[in-house]
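Shown next as structure tokens: one chain only, the form predicted on its own.
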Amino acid sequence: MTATAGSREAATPAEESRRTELILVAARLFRLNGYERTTVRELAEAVGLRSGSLFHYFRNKEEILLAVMANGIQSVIDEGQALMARHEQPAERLEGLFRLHMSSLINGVGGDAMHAMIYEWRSLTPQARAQIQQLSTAYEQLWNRTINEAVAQGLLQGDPAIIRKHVLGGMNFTVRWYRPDGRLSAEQVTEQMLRAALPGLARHPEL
């Protein structure tokens, strides 16, 4: 599901598809080149548009950055809500949310979005930051609910808010150091981080 933060009024399916393409391409270019160094012309050319045509989909460059961040967060919210609906046990939910978050960072749009949130946050206006904060809070509520349930059942020990900050902070930091050609595969990195962050939930001690 594509987040609509900052978007204009209802678009046709074709326009929405092109807008989503622009968001994904922009996310990648911002990560590779930086937001400030990526020009509107480069964004347009990357999807086969003229510079002026880009403003049919976005009012300005900042709105594209906002959409990059919002789209990444909304994607994990949608998948997280579906995961919560499929599983009832806190242990399954917690492990599922962990794997979902790591997969999004390593393989999905979440990695580019998180990179933008870490490095390009200052480029947003206070109003845009508030929109992203609202989405972030919605996502954190999934974690809050699951961690509270896990603590209540004795699966985890400690302050739920600290546990959430510790787990999410550790995962989010992987955008700074993870490399696809590194010593461990994406699956192995996820397993090792799961063991370190939530040792009681790790299911593959042989790794």
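In this text, all values refer to a predicted model and were calculated from it rather than measured experimentally. The first residue of the shown sequence is 1; numbering continues from there.
One more form of this protein exists, namely the form predicted together with another copy of the chain; it is left out here, but the text below deals with it.
- Of the heavy atoms in Gly170, some are within 4.5 Å of another copy of the chain in the predicted bound form.
- By the criterion of a heavy atom within 4.5 Å, Met117 is counted among the residues contacting another copy of the chain in the predicted bound form.
- Taking non-hydrogen atoms only, Ala196 approaches another copy of the chain to within 4.5 angstroms in the predicted bound form.
- The closest heavy atom approach of Arg176 to another copy of the chain in the predicted bound form falls within 4.5 Å.
- Interface residue among Ser123, Ser103, Gln131, Gln81 relative to another copy of the chain in the predicted bound form, by the heavy atom within 4.5 Å criterion: Ser123.
- Proximity to another copy of the chain in the predicted bound form, taken as a non-hydrogen atom within 4.5 angstroms, holds for one residue of Gly52, Pro180, Gly158, Gly154, which is Gly158.
- The chain is drawn here without another copy of the chain; in the predicted bound form, the stretch among 39 to 47, 52 to 60, 141 to 149, 158 to 166 whose residues come within 4.5 Å of it by any heavy atom is 158 to 166.
- Along 131 to 154, not one residue places a heavy atom within 4.5 Å of another copy of the chain in the predicted bound form.
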